[in-house]
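Here's a solo chain for you in structure tokens, the form predicted on its own.
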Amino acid sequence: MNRRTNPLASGIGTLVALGLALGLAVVLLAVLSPNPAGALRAFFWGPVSSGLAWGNLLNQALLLSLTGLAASLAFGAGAFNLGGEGQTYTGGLAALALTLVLPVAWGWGGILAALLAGVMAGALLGGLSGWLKVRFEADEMITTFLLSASAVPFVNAVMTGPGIGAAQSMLIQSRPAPEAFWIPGLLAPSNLHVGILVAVPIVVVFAVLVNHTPWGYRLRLMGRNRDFARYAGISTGIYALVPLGLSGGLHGLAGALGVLGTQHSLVQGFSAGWGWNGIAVALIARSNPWAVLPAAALLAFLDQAGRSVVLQGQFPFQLSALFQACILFFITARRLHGRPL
């Protein structure tokens, strides 16, 4: 088995990597911006400068905590889920489609049913890759990616099709969900809503399960050494299938929350890279569910800070992606030097 790293040394190393990345981001702002002082002020103050900014920051952080937890569960079991975008998209479609046929009198019952439909749709897509791995030894990195690449254009086509497409809209989108199934918002006019608060207890529950239960121990053992886990009598098939199914379900939940709580309809590109950014969160958190929330908050802050600088006219639109690339460069370089996922 792989030798376990010291948690304290691991945490210090991660903080050093993050510090180096943030330092590089500040240097880039100072050197490349026409107004360095204004750019730095927008970068550090913009994401928390108002209730609107706080709401958008919290909403993005909690959504990323769900997709980051999804990626962490798969990584922790030695699997790689690269299909988060498709699973998020599919979850959003399932949630919206159910609201269009449910009686509006269902109210919160309909919201819960739609969220469950999103979870099941994402879990089905992720679980299919797990089944292909167990049944045919198909590489889950390839199958999750290819299934996602197929799901995204499928959902884009369905959202404008008969019975679900918006009759009059300047966007590529579906009909809106009935207002009875809209999740109430918080800190209006920000994107924050009541439903996204479920992310916190979900992360805590999975952190306890992964780190403090026999199931979690077997899951982590699978991630560290599959052959030893098989020798110890662990059902490697189950522990290949279940993590990918859970990962897909969490991505589907994120998509359903995004549709019912923010857009209220299915809009092309609504996920805005949540699936891929979830992988970044998992890398920063080192696949530890306890670290998912702060990692998601950091990545959300960087994204909102980049947007704030762009709105101030201090930098090009791709700034937030540049900052995230700096973070991932230092984090992944450290991981390649240390233990693998």
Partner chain sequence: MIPPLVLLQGLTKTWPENGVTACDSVTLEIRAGEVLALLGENGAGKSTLVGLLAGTIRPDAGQVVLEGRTLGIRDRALDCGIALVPQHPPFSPELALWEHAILGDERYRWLGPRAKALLIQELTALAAPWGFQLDWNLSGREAGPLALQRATLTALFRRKPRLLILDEPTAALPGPEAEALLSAVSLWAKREQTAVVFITHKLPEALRWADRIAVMRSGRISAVVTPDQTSLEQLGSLLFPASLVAPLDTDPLPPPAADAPVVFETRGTRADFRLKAGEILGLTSLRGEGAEALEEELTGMSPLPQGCLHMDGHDVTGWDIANLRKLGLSYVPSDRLGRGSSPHSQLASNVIPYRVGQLARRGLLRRHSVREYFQDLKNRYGLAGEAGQRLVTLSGGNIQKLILAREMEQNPRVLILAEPSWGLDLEARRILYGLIRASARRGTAVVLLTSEPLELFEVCTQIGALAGGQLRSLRPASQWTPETLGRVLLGLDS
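Positions refer to the first chain, counted from 1. Bear in mind that the values here come from a model prediction, so they are computed numbers and not experimental data.
Below: the form predicted in complex with its partner chain, not depicted.
A single residue from the set L221, L102, V203, V242 has any heavy atom within 4.5 angstroms of its partner chain in the predicted complex; that residue is L221. Picking from 221-229, 87-95, 105-113, 179-187 the stretch near its partner chain in the predicted complex, with a 4.5 Å limit on heavy atoms, gives 221-229. Contact annotation for the candidate site: P34, R41 and W45 all lie away from its partner chain in the predicted complex (no heavy atom within 4.5 Å). Interface membership of V208, defined by any non-hydrogen atom within 4.5 Å of its partner chain in the predicted complex, is confirmed.
Although the partner is absent from this view, G233 contacts its partner chain in the predicted complex, with a non-hydrogen atom inside 4.5 angstroms.
The closest heavy atom approach of P214 to its partner chain in the predicted complex falls within 4.5 Å.
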